[in-house]
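As a starting point, one isolated chain is supplied in structure tokens, in the form predicted on its own.
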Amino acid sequence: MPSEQHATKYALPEGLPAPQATRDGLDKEFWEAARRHQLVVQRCNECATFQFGPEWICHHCRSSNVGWERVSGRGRVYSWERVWHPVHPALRDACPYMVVLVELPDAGNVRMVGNLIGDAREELTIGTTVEVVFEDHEQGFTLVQWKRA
């Protein structure tokens, strides 16, 4: 998260490239749901297996009959990293910040990557309970972030 002197209304500073839906539209529902402040993951309509990131077919039964299902937005930290070295010039003054891999128990334990909002220097342990935060940007997109529950 940004240092106090560079704090913004967003978890990370402005100036980063905006996320874009894939050209093939595969992740369109995810981004539209995030804009509505809903967290969704794919679920196979044949075998009921959850999966994330989006795929055209179910990775379990190979059916192409996959849809999207709203999930609670509560998860637990499966892994994390405290980032000390900026990977983009806009992040130069934002380090450290926390990137988390969140496991979603109500969605077959699929995992999503995101930023953990809050004090990046605070201790974090595997299994910490987190919940989704939707960060609306003026450019018309919404990011899925996480905070401690």
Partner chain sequence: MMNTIKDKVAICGIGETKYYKRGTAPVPEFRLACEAIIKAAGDAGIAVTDIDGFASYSNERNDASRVATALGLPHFSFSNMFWGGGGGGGSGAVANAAAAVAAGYAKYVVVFRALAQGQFGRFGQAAPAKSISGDFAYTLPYGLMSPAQMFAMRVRRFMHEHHVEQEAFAAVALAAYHHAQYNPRAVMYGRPLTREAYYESRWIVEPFHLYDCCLENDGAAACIVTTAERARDLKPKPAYLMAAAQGSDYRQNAPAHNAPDYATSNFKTLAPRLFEMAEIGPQDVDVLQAYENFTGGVVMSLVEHGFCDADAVMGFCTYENFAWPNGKLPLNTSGGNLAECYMHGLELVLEAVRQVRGTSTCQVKDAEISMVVSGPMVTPVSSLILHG
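Owing to the predicted nature of the structure, the values given are computational and were not obtained by experimental measurement. Residue numbers count along the first chain shown, from 1.
This next part talks about the form predicted together with the partner chain, which is not shown.
Undergrad: Should C47 be classed as touching the partner chain in the predicted bound form when contacts are defined as heavy atoms within 4.5 Å?
TA: No - in the predicted bound form, heavy atoms of C47 and the partner chain never come within 4.5 Å of each other.
Undergrad: When the contact criterion is heavy atoms within 4.5 Å, does G118 count as touching the partner chain in the predicted bound form?
TA: Residue-level check for G118: no, no contact with the partner chain.
Undergrad: How about S72 - does it come within 4.5 Å of the partner chain in the predicted bound form, if we only consider non-hydrogen atoms?
TA: Flag for S72 set to no.
Undergrad: Evaluate E32 for contact with the partner chain in the predicted bound form, applying a 4.5 angstroms cut-off between non-hydrogen atoms, and reply yes or no.
TA: Contact with the partner chain, no.
Undergrad: Any residue of 31-58 with a heavy atom within 4.5 Å of the partner chain in the predicted bound form counts; write them all down in order.
TA: If the 4.5 Å heavy-atom criterion is applied to the partner chain in the predicted bound form, 31-58 yields W31, Q51, F52, G53, P54.
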